[in-house]
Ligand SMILES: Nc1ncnc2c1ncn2[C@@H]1O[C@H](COP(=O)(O)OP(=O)(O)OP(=O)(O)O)[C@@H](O)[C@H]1O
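Take a look at this single chain in structure tokens; it is the form predicted alone.
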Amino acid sequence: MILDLDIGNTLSKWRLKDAESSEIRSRGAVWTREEWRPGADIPDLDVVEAVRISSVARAAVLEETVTLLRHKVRHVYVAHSTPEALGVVNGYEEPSRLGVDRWMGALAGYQLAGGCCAVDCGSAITIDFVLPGGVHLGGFIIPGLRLMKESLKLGTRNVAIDPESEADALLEPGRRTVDAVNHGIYMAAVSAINRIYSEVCDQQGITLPVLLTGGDARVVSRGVQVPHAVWPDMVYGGLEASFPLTFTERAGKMSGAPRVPEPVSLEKIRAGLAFSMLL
């Protein structure tokens, strides 16, 4: 079995992948903690032959996790943000300072679509652009839905936005404080994503397929105005592309990869921007 880990500042997600068939056998998530300790909510390491890790947690958390795993597992691969990988040139002035989850998403998106806008809707919402040809432009970071809600300190943090809610309902004025908060932060998030995408496409003279991942991707997806796809395993896809271990991975296939959405025309993007300037 192959254990893939996506260690975030708040939540650590994992999945077990069959090394022979490439099928996903199980998956789960735990709160990020000081050490990776097998238990009821963590897979048995005795069946794991290789681990691949993407981590944005504190260096000490990653170091302790890797130390523990190397006592149990034969092969441990840790992803890092590099100046260039898999045909993509890192757009950061200091490439190592780009969050490795963003780098994995950019690499996966490029392998899938040959240029993309990768949006990760987690604790923060990150928006990264990779042009055809592999130039990573850099990106944008805004607070995620939960961070925005917590910043208001109105006692509504534990009332989540229903991922099944229709975008039109979420964009209406709220008639209760909790709804006013939820609708306001939703409007802020999706408006920022839509505007950033349009502005960058206009600047670069190109439209790109949009790929969304992260815990809030489903609900954010409902307010994204351009064609897009939700890819929950996008960071895992970057790990697969960076450290291919199975036959299908070596053939360039990433688990759960969606059909690439066809972007709208640049003319439509520019017309929308022009209209917004008039308002």
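Each residue number is its position in the shown sequence, starting from 1. Keep in mind it's a predicted model, so treat the numbers as computed, not measured.
Below: the form predicted together with the ligand, not depicted.
For the ligand-free chain shown, place the ligand by superposition of the C-alphas around its site using the coordinates in the predicted bound form, and mark the site blocked if 3 or more ligand atoms sit within 2.4 Å of backbone or C-beta atoms, otherwise open.
The site is open here, because the ligand, transferred from its pose in the predicted bound form, meets no backbone or C-beta atom within 2.4 Å.
Any of the heavy atoms of A19 lying within 4.5 Å of the ligand in the predicted bound form?
Residue-level check for A19: no, no contact with the ligand.
Though only this chain appears here, would R146 touch the ligand in the predicted bound form if you measure heavy atom gaps against 4.5 Å?
Output for R146 is yes: heavy atoms within 4.5 Å of the ligand.
Exercise: L170 in contact with the ligand in the predicted bound form, heavy atom 4.5 Å:
Looking in the predicted bound form, residue contacts with the ligand do not include L170, since no heavy atom lies within 4.5 Å.
Distance check, N9 to the ligand in the predicted bound form, heavy atom within 4.5 Å:
It does: once the ligand is placed as it appears in the predicted bound form, N9 has a heavy atom within 4.5 Å of it.
If contact means any heavy atom within 4.5 Å, which of 121-129, 107-115, 175-183, 83-91 contacts the ligand in the predicted bound form?
In the other structure, the partner sits against 121-129.
Taking 4.5 Å between heavy atoms as the contact cutoff, choose which of V66, V56, A50, I42 touches the ligand in the predicted bound form.
The residue in contact is V56.
Could you run down 213-243 and flag each residue that has a heavy atom within 4.5 Å of the ligand in the predicted bound form?
Residues within 4.5 Å: G214, G215, D216.
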